[in-house]
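Next come structure tokens for two forms of one protein chain, structure 1 first, structure 2 second.
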Structure 1
Amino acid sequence: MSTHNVWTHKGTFLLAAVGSAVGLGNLWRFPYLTGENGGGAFILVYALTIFAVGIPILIAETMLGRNSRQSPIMGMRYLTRTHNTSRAWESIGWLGAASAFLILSFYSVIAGWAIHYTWQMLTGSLSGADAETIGAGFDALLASPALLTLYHTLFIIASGLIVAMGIHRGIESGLRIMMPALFVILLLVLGYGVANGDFGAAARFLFTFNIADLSLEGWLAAMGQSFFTLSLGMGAIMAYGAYMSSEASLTRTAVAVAFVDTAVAMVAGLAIFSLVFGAGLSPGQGPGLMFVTLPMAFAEMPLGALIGGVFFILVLGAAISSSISLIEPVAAFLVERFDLTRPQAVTTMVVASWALGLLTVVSFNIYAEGTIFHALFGRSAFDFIELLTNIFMPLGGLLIALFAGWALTHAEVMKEMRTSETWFSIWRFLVRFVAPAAVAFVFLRSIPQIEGYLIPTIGALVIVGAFAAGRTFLIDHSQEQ
């Protein structure tokens, strides 16, 4: 694979970035957070932080990818060399690759559950089932390592096959079919929810402006969501940016990605909660909403089995569009660094991540308790791996903002952004000061939730590491700036 491949169509990066951003979190986390934290008030805070944090870092990460035209790891190696900065900044690429690898390992397991429910819906197995039956079915799924491993394997193979086919025949062709189909399915489910559910209750839950319900935790959730929802700091955006046409506008594309990602989450929320409230059920967050509450709603509605099957195909498609973006950064690095063919690189990445995913599989059953992870960290292997990604991604995003804001010259940024001096000045101020401070605040605010000795250890490492890297960088560039 050439490291200078470019998407065939200028709009493909938008599809790729939206595909990476739109995942399971849009369908079960964002709508619930919105409803529980003041509705419109939460959306307002989210919109402000998307503008001040999400979009500036999205532009920065894309810019680093397009500037280097290489995988995140090799690209950061190239950029640190050409900008005479400390090689410590290469950690941006490694943090992104590590995040992608770890996330894929457990994301594939959870996304695999949708295979189970697609089959159950389309075969009518859940038609007329009561709450106890559906809840017991979900518990039985989690209790079966064999079933979880089967679905985990099928999902990760499907994702790997798309990436292994290449940038154009695989990822680009897949996204150009998959993303429009997902939007059509989402609108179909919304129409079904309006016709058969309680659309008014869903709209009130999501959009009633209630500032009293927006606590400090709600603010932090909105700020964190603005970062995590755009897939920042995990290498995907930088990897996709390396294939982005030089003519495509960074600013317009970043704004479009943020808008479409948010719109999908809102439409999904209206569709899902119309069904939930229409069936007289209580909204909840996380897997329970997707795999227990929604099947209960579909079981009670006309044509519920068919529409439920279509909905879980939507879930699968959204998950695959995200998972291929997790494979690409590491696969591209293996191709560039070790001269592997793309199928070899993808196979290496997928097999390793699949093997790590087995720890998540057994975290729900055989080793739910009493493992070395519980003894050392007070949590399951799955929870510990997820914790690591919640550290690596914000740290990577923080460093991306600082590097793009301070290392890239005015001429480089203007060449990439091709924008007015006013917007350039706003972007540079946001990416140098506001975005790093916001990401650091959300990140460090979450550390007290970590049990035991991990609190001082991780806190000290993060703070010392960030200050050391920043000090090295600012010394290197004090004269230039």
Structure 2
Amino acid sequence: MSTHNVWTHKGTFLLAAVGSAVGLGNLWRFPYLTGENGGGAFILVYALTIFAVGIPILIAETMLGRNSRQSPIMGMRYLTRTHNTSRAWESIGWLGAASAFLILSFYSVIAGWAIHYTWQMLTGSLSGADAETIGAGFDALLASPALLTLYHTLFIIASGLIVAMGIHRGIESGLRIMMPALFVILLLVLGYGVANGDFGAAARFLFTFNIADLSLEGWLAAMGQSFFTLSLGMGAIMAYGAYMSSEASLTRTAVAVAFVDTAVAMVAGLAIFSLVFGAGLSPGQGPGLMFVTLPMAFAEMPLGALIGGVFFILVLGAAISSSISLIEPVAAFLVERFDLTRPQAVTTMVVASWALGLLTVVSFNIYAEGTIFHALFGRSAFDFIELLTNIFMPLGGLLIALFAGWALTHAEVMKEMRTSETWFSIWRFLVRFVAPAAVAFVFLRSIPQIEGYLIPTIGALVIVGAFAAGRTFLIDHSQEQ
């Protein structure tokens, strides 16, 4: 099949997976959610899920991709057949596609903000500006649906073009340079934060674990974030895994991805909160956090306009290397299933997601309140879409863990993992029992909080579920066998 080539180098999967994992989730979402949810306790739940649940599921998801060598939906269809399991497991693929579509819709809007700031930095319009001016500038950006739509459109087109061209060209070599450069500039910002901000307060905020600080929905947000930041539970990793060389080590790769991803988030968090506390800003200011605090640092830094410009370009690079991994699984499916050309498949996915993204655009201005979403769910469309992804990704991850843990045979797993029996047993125990229990625990724990939204949320799940079940049970697949 046209899409099912293998990455050019043994190590490319690692690079692609890091590219997917490291993105706005680390630089923008992690600090802002941590700030909103009171700091340390949030990080504790986040870190525990990364290591006890995230890494094993990362291994499981890559394994399903590499074993089936197809897009997530078709791959799961194939695996259910070859393993004589219920076709209902195919819902892993469908749930993933739904999440990819939802995430891309808002991801692109936020990445668009980075286009704005790249421009602002490089033209020097923020040089020497004070906190108030910078804050007002951000508010003005959010207040303009036209500007937000423009950037959103530019970003999504750029991502679509890359995927349409095929992921080999450009991305591989681009990532090799951009990722280390991003890390270096982040360290530079951290250095600035330590020298001029309040690093002590930042460290206390991030690493004082008082679990009682975490609201019930905070638990869900922390778990959702750990899946989000590792690109887990929605098929991105499975789609990339389908191109992974059979030689590369699953375990080592997964640990490396989780490690790099967490390191980037921590450095970003420390840098941003040093600046926040140093300038007496509020940590809980929401989605604008990174976009308001970092320009403040760049405004005062020597060569700040240049460093800031490069920084936001790198943010854009990190965001693009993530957004292409959101498009890839759905596009590969459309190619395989409906024989679309790659450009046609990408256009379909991107146009639909772009349109949904307009809901996020208006959530920051004309429909910041008083919409049907506020009436039903007590939040804006953007917040609601985020909530959905906080549920869908862990749910997808849970199903992936269960399928890989129970349906794959010992021989298959050993062939993929090529590791000792001990590691195999540890991994299998984690995906069979620990990951599902942890996800279930957080879901149950946060239910009292999301109760008010429970009915609409269940409604949404039922629609997706019914769709998957319909495909599974109602269509006669007998001829396809």
Ligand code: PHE
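Numbers follow structure 1, counted from its first residue as 1. Being a predicted model, the structure only gives us computed values, none of them experimental. The term rigid core refers to the maximal set of C-alpha atoms that superpose within 1.5 Å between the two forms.
Structure 2, not structure 1, is the form predicted together with the named molecule. The rigid-core alignment places the CA of Thr49 2 Å or more apart between structures 1 and 2. The two forms, fitted on the rigid core, differ between structures 1 and 2 by less than 2 Å at the CA of Ser99. Positional change of Gly124 between structures 1 and 2 stays under 2 Å at the C-alpha, relative to the superposed core. Once the core of the two forms is superposed, the Cα of Leu188 has moved 6.0 Å between structures 1 and 2.
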